[in-house]
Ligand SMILES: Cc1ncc(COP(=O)(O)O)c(C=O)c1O
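As a starting point, one isolated chain is supplied in structure tokens, in the form predicted on its own.
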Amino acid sequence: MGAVVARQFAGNQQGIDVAQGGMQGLSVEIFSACPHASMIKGLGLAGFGQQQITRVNTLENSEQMDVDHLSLLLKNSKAKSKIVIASSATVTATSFDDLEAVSALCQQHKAWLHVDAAFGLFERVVTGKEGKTKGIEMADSITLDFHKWLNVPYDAGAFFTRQPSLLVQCCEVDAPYLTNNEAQPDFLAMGIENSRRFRALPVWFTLLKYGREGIKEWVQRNMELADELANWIEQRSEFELSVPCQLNVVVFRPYSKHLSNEQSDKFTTLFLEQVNKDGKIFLSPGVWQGQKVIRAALSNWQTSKEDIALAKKSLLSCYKMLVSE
């Protein structure tokens, strides 16, 4: 949806109704530092092409967008329309882009600003509007996953935009057998699917049951527990913390500085397989600065200090088992 609506916005800037007439003649450049895989997929499906992204530099030891480099790229761009894809918590390092600065540049260059805030937006319930998501309200579109920190069924997500009329331009189709209300667009005219199940119901029940304070409590607890795990890993000789914990994801790998990069990657993969095979906890793979790492992502409302203690025990046990083989 983010790609499709941004495409329609670009077309309108150039007098082209993309939804009706296609992309012929459309001049667009897309800028991003660390786009989510789903957005790359979306750009391909929308006809831009998965590889048609002008990469913005990141700050040192971070996945945060370098605003000065973005400014230079926007200034030198020859495209008639521009789209910027920013992040509120990237996949690996959970870095937050400076959305106040990014949005100011987008306004200056009349660029569409899309923000991937899959789970990063929930940071706002803890720190408020002056926290890491400051400036996100200036975005043209935002994506959010309810299936992460709200713990509802997997395919529940949200798409927000300050220009809902573009949704209708992209998605409305006039078919005689469909009920159309000219005064109020139907939901099928505001999304890709013409029919869908009631995904909003479990989201509504969760909000109704726990409210802002209830959700804030478990989000804050996840963040604190992730920080505890990261500090423990940093102090252990068996492991190395790849990047400081900024939200709820701990990025690390088994200590392997005496190994080559290839050997280190292999050791990390074997360790991850051993941990998941052990079955006490489940971790996911990642890549940081060209090397394989391990991600421990905390987002369940029931996660407790006892779970972190179990994780520490499992990590040590699996490490000792692997190095003794």
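Note that the structure is predicted; figures quoted are calculated from it, not measured. The first residue of the sequence shown is number 1, and the count goes up from there.
We do not show the form predicted in complex with the ligand, though everything after this point is about it.
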property	result
Options 286 to 294, 264 to 272, 58 to 66, 35 to 43; stretch whose heavy atom lies within 4.5 Å of the ligand in the predicted bound form	35 to 43
In the predicted bound form, H147 touching the ligand (heavy atom, 4.5 Å)	yes
Contact of A89 with the ligand in the predicted bound form (heavy atom, 4.5 Å)	yes
Contact flag, A118 vs the ligand in the predicted bound form, heavy atom cut 4.5 Å	yes
Residues within stretch 226 to 251 having a non-hydrogen atom within 4.5 Å of the ligand in the predicted bound form	none
